[in-house]
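Next comes just one chain, in structure tokens: the form predicted on its own.
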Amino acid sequence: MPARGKYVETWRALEKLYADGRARAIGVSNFHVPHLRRLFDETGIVPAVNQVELHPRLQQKALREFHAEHGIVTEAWSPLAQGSLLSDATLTALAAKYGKSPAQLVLRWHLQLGTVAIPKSVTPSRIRENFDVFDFELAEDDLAALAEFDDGTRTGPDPDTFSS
């Protein structure tokens, strides 16, 4: 999360680590377009990754498009919305259509969007299930149905409450 105006100084320190070969890549978390533009204007290296809350209810389309324009990988934290949408009737019906769980459906959606999604789990069976998303693809009409889920609902803190 951008630290109340101090993030450019912190980024410069990360750039030094990168330049010294002590880091292979550097990135940010919860940066919005204005934060990223400030980094571009005041520093020399574009972040390799921006980790943001991203799931079907918070799709961050404009931010993802900005990332794509600038070669920034979008990584989703809370890719399953902390499980809050996994019992949704539409999601469970779509998952059943593919013979998958709702979590697998959402993780496949992330893959097809081109986002990096690393779901949290300590349960071996869920870890195996979360990995089993490479044997199917969501149809365009199902992707369109999932696009309708975007209502801006956050499961974590709102980074907009912090100043740039």
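Sequential numbering from 1, following the sequence displayed. For clarity, every value in this text was computed on a predicted model and none was experimentally measured.
Below, we turn to the form predicted in complex with a small molecule, even though it does not appear here.
Asks: Among the candidate stretches 123-131, 66-74, 92-100, 34-42, which one is within 4.5 Å of the small molecule in the model of the complex when only heavy atoms are counted?
Replies: Selected range: 123-131.
Asks: Verify the contact flag for residue 119: yes if a non-hydrogen atom of it lies within 4.5 Å of a non-hydrogen atom of the small molecule in the model of the complex, no if not.
Replies: Yes, residue 119 sits close enough to the small molecule in the model of the complex that at least one of its heavy atoms falls within 4.5 Å.
Asks: Please determine whether residue 112 contacts the small molecule in the model of the complex, using a 4.5 Å cut-off between heavy atoms.
Replies: Flag for residue 112 set to no.
Asks: With the partner left out here, check for me: in the model of the complex, does some heavy atom of residue 29 sit within 4.5 Å of the small molecule?
Replies: Output for residue 29 is yes: heavy atoms within 4.5 Å of the small molecule.
Asks: Wondering, does residue 59 line up within 4.5 Å of the small molecule in the model of the complex on heavy atoms?
Replies: Residue-level check for residue 59: no, no contact with the small molecule.
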